[in-house]
Structures are given as C-alpha cells and as structure tokens.
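Here we start with a single chain on its own, the form predicted alone, put down as structure tokens.
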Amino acid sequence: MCGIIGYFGNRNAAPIILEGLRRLEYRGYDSAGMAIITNNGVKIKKDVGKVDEIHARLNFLEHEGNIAIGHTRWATHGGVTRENAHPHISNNGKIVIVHNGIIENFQEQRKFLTSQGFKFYSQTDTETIPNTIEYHMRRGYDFFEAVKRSLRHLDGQYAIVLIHEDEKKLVAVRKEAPLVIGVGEGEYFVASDIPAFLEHTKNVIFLEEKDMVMIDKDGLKIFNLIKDSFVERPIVSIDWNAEQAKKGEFDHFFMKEIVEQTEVISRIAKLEDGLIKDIADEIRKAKGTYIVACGTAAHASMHGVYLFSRIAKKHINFCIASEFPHFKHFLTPESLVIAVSQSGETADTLAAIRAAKSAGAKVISITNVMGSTLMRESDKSILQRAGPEICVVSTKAYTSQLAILYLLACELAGKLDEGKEKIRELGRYIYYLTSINMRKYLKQLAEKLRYTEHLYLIGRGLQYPTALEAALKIKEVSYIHAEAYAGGELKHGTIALIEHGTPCIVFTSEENEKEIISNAMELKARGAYIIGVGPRNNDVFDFFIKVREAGELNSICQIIPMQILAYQLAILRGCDPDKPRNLAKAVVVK
C-alpha cells in the first residue's frame, strides 16, 4: 500500500527523500510527507495530494539534515486529510514515524494512552506507535529498547521507520510488510521497494520477518525480535538498472512498460532449462497442485490452468488467494501450491501460502521481486525477470507470468525446446503490436468508446481469462464499467443488459471462431457495437483489431492491444493511467 523511504548518511537527505517519494508514489498517492532532523530540531512537511503538488506548495527542500524519512499514503485508517498524512509525531515532539500496514488493536492502545494523558491529533492507527514509544521512554528506556517494548503491545502487520530528534538514530522494523535496506558508501537507505533508492546503490539487505534495524553514527545493526538477538543478513547486489525505473521518452510508465514486453518475452525465452525442469518435476511428483493469486496474477493463473490441461494433459487447480485458506483442509504434505505475485508482498497470497505450509504442503512462487516475502517463504521460486514495474496497473509482469506458465506446461509435455522457440518468435511479433501505428489505430477506437458507461467482453477457452484481464485493465484506469464473460454464459443472464450501441469486445481464435462468432451475432442482434480481436475479420465486427494466430500464446498477443486501449481511454477521459484512484501497487493488507 503506502510507500516508505528513509535516509541516514553524510549527504543532505531532503533531495534524496523527495526523489524517493516520487519513485514510490505508485504505492500510494492520497497524501505525502517528509520529516528531517535539522540543527533546529525535527521539521515536518506533509499534505494531501501528489508529491510534486505538495512540494510546489510546501517546498520539501527548505530544510537540510542528514537523517530523514518520507511517506506516500494510501489511506486505510482515517480519511485523506493533512492531519492523517504521515509522518506522525509523538506528544513530546521527539519521535517521528512513517508506517505501512495496519495496527489492529490501535483502539485499545489509544484508549490506554489517553488514560495516561496522551493526546491524539489524527484518526490513524499509526499515531499510537510513537506515543507508545514515548510512554516507555518516560519509564527510563532508551529509544531502541522502547521501540522493542512498544512492539509487544501492537498487533497487526507493519513496516515502520522511526527517527529520534535527540538520539540521532534511525530505527526500522518489518512484520508481514515489505522493507528493504540499501547500503551505500557510508550511508543507508530504507524503503518499501528498491526503485526508491536504485540510482544510489544496487547493494541491498532483504530483511527477514520481525527484523529490527538500528542505524546510527557507528553503522547498522539488525536485531531479530523472534530470536531475541542480533543477527547478520547478507548484502545482495541486484541486477535491476536505474534507467528501468524512469519513464524516459514516455509520458507514462504504463505505456513504457507495455512497450517493454518485447524485452521481457526475450528474457523468459532465456530462462535456464534446469530451473524450468526442476519446477516441472515438483508438479509431476505432487499429489494435487494448486495455483493461487490475486487480481491480474489470478487471470494469468487461470490461463495457466488451461495451458496445463491443453499442452501437458495435467489437472491443476486454481483458487483466488484470499479464498484459499477456506480450502486448506484437503491439503497434505504431498500437495504443491504455486503462488503467483508480481510484488511478492500481496497479503492475501502470503496468507494462502502460510495456510498451505501449515498443512505441510510445498510452496513454489513465481514473483518479480528478488528477496520478497513470498520468495523467502517459498521452497523454490522462479523470478519473472520483468524488471521494475512502476505503474500501478500490471502489464509486463502479466505477460511474464503467462510465458513462464506456458514453459512449465511445455516441459511437462516434453516440449520445452519447442516452447522456447515459439516464445522467441512471439517476441518479434509483440514489437509490432506495441508500435506507434497500433497505438494510433487503437486511439481511434478509444475515441468511439470514451463516453460509454458499460462495456462487455467475451471469450472462450484461453480467450476467457484474456477477456477477464482486459476488462480489469479498462476498469482500473478509465473507470468504465467493464465485465467479462465466457461466451457461453451470455444467454444465462448477461444478455439482458445489451441494448443499442452497447460496446462488446469479442476475442477469437482459429479454435473457437465459429462458437464465439455465434455469440457475437447474438449480441449484434440486440444492437451491440461489436469489436473483434483476433486473426480474421468478420462481417459481424464493427471494428476489428487484427492479432495473428499464435495458438496457446494467443492470450499474450491479444492482451497487448487491450492494454493500449485502456491507456488511450484513460488519457481521453482525463485519468492518470499510472496512478488509478483508490488503487495501490502492492496490496499488503488483507
């Protein structure tokens, strides 16, 4: 949800925090703020709005100091107001915090602190934390020990970064929420996500569950609250490029990441055979394999179920991650759970794998973020190799997930080399689908659809999850109500909603053409405006988007024009395609 950035070093922290906030804005953009320790005490600037809007009003660069924290908020407790924006400060004005997550027992804690004379100035759960720390410091404990004791009183999940005006220390803690340390030359960065500090260092420490970091003039120490002792964590060098986290020549990350799908596909074609075979062997050995995921990753997983059936003649089960714990009763130590997540921090997906592990099942993850919680808690992992995905709306990570699931199905069928060759061929074709000409062509369609209120999409077989994902993309960024259905389901209720001019997008392939065209004709007979997506035009189509036949890889090809259409609709309707309202990149709360 929210984005956290902290800095401790020898440089002026304000510009570093400001740039980090900009790079984390995809994680939350209701409000933002910064706190910096100066020679004249702690200075806090925060307000409602996007980072640059607030900077224009308040000037985040006004004050200088070497220790600072910042935050971009996605509201959970309390409305979108300046008072609820982070950072929050203790009653004595010494302890300042930024926080991602939810403190579940904050009401009880707030009631207790109020009885001790503490006052509260926001509706957030976060404000209880610095005041609980102050309460313990009043009892004689130093900052670090007071934080440790305070955490015993806090239930829930959190990533917390704190600074203390007098002690000149930065403390960071993670519990079921992402937090990573960047290690530079005599300086340290703390953030929710690597892109926040990627231009400064590629050396990172991935914190484990309940790791508590203390940074002061003597360096960095890590105390693990579970082990109740100081621990060592390795420094890892990551292979992401800082330029990947910048927009470059594009107006938005959304379009940049759509175009990058050609490169992503090329990387997947180069995945190590041994890695694919190892994961496929786990599927072969398992007595029951289940894929769990949320949102876009769920649509990729549904698509994977079709692929395992068609290519490998293998029965794989799929369940939305948030619902999976309700089915944990049939899991055994011989079960296998495959979890798919771009961020590797999705709370519902993590809850699903923990339910699986509690039954003794093996867990394999497909994730894009090295060192993520999902990757660390899995028995084995495949990295998606999509690079940083900054836009809230997932595009290239989805394509990567589809391609990886395809290669796993091919390996199970003894056709990995053939599958890799088809992936390589597909990469060359995707370049055409993301071209400027295609973007211009789809803008014409967007012009026709920009004022529509309802839009329907249908597909059969592999095109059904494609329709679901296309509908999600349109909803996410243009706020048009879009719903997807299996073609055969139209007659079971949905067709009652079709009237003259209702736009309907129909996904076709050589395999399902006759059946889906029949469904399209049923829609046309009720007055629908039919948009065809597939290899061949048809008289029933009012608008046609040609996408060559690619067999089991049709969905990768066909989703790209839909991503571009969603982008063009967002622009024409005055929406921000990178930062859709009410959404955040990583959903780290249930």
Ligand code: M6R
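What you are looking at is a predicted structure, and each value in this text was computed from that prediction instead of being measured. One rule holds for the numbers: they count along the sequence shown, beginning at 1.
There is also a form predicted together with the named molecule; it is not shown, and the following applies to it.
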Among 276 to 284, 131 to 139, 436 to 444, 296 to 304, the stretch whose residues bring a heavy atom within 4.5 Å of the named molecule in the model of the complex is 296 to 304
Can you check whether T466 is within 4.5 Å of the named molecule in the model of the complex, heavy atom basis?
no
Mark K396 yes when one of its heavy atoms lies within 4.5 Å of a heavy atom of the named molecule in the model of the complex, and no otherwise.
no
Can V392 be called a contact residue for the named molecule in the model of the complex at 4.5 Å between heavy atoms?
yes
Residue-level question: is L472 within 4.5 Å of the named molecule in the model of the complex, judged on heavy atoms?
yes
Which residue among T508, S192, T346, S400 has a heavy atom within 4.5 angstroms of the named molecule in the model of the complex?
T346
Listed residue that, although the named molecule is not shown, lies within 4.5 Å of it in the model of the complex (heavy atoms), from Q342, T72, T373, N100
Q342
